[in-house]
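Below, in structure tokens: the form predicted alone, a single chain.
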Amino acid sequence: MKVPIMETSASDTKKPIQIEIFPKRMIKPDTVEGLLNKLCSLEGIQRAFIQGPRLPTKVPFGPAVGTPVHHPSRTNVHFGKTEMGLEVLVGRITLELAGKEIMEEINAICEDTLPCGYDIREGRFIQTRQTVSDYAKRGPTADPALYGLYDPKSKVESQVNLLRTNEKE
């Protein structure tokens, strides 16, 4: 009798590792820009995801409903040659890594950039398989790198920025 070989197991080291950098307080846009530029310069980061409370463009309720909000953290940040509008107050950064080899470098960058302190946790934070929402939003031929990297209530173009660092110009 032939025994089937399991494709995945707990000791499978080829699976990407996901970590979450959780600063002790919300990060200013300048710090976010510096941190992400340093992290993006590392080899082995496959996907990055920033999260935090949304910065509204208009007052949603109360006597000033509809009045524009001019929050100083709602600004543009630059990653290499890409410019991205920051629409959240960054409270955590999730990274998907090809391996654990760069963990020490990430820790050194965080220690250098985040004077407020931080925690790094390892776990599963970003979708790795297509969900029903992904299928409904993008269809069956969606890019696997985009699974779980957008807000289902918004348009994809306004929430996802692709940084292809290995492209030749």
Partner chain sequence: MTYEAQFYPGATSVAENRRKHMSGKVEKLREISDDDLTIILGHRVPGTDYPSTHPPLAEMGEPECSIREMVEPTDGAKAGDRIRYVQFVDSMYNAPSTPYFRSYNTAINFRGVDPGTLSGRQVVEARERDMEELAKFQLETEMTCPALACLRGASVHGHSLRLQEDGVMFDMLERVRLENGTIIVQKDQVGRPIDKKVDLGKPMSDEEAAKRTTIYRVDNVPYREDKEVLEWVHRVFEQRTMYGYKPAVQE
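Positions refer to the first chain, counted from 1. Please read all numbers here as calculations on a predicted model, not as lab measurements.
Form predicted together with the partner chain: not shown, discussed below.
- Scanning Pro63, Gly123, Pro144, Gly139 against the partner chain in the predicted bound form with a 4.5 Å heavy atom cut-off leaves one residue, Pro63.
- Thr31 is the sole member of Ser41, Thr128, Thr31, Gln46 with a non-hydrogen atom within 4.5 Å of the partner chain in the predicted bound form.
- The candidate stretches are 101-109, 55-63, 33-41, 128-136, and the one lying within 4.5 Å of the partner chain in the predicted bound form by heavy atoms is 55-63.
- In the predicted bound form, the partner chain lies within 4.5 Å of some heavy atom of Leu89.
- Contact between Pro72 and the partner chain in the predicted bound form is found at the 4.5 Å heavy atom cutoff.
- Residues of 22-36 placing a heavy atom within 4.5 Å of the partner chain in the predicted bound form, in sequence order: Phe22, Pro23, Lys24, Arg25, Met26, Ile27, Lys28, Thr31.
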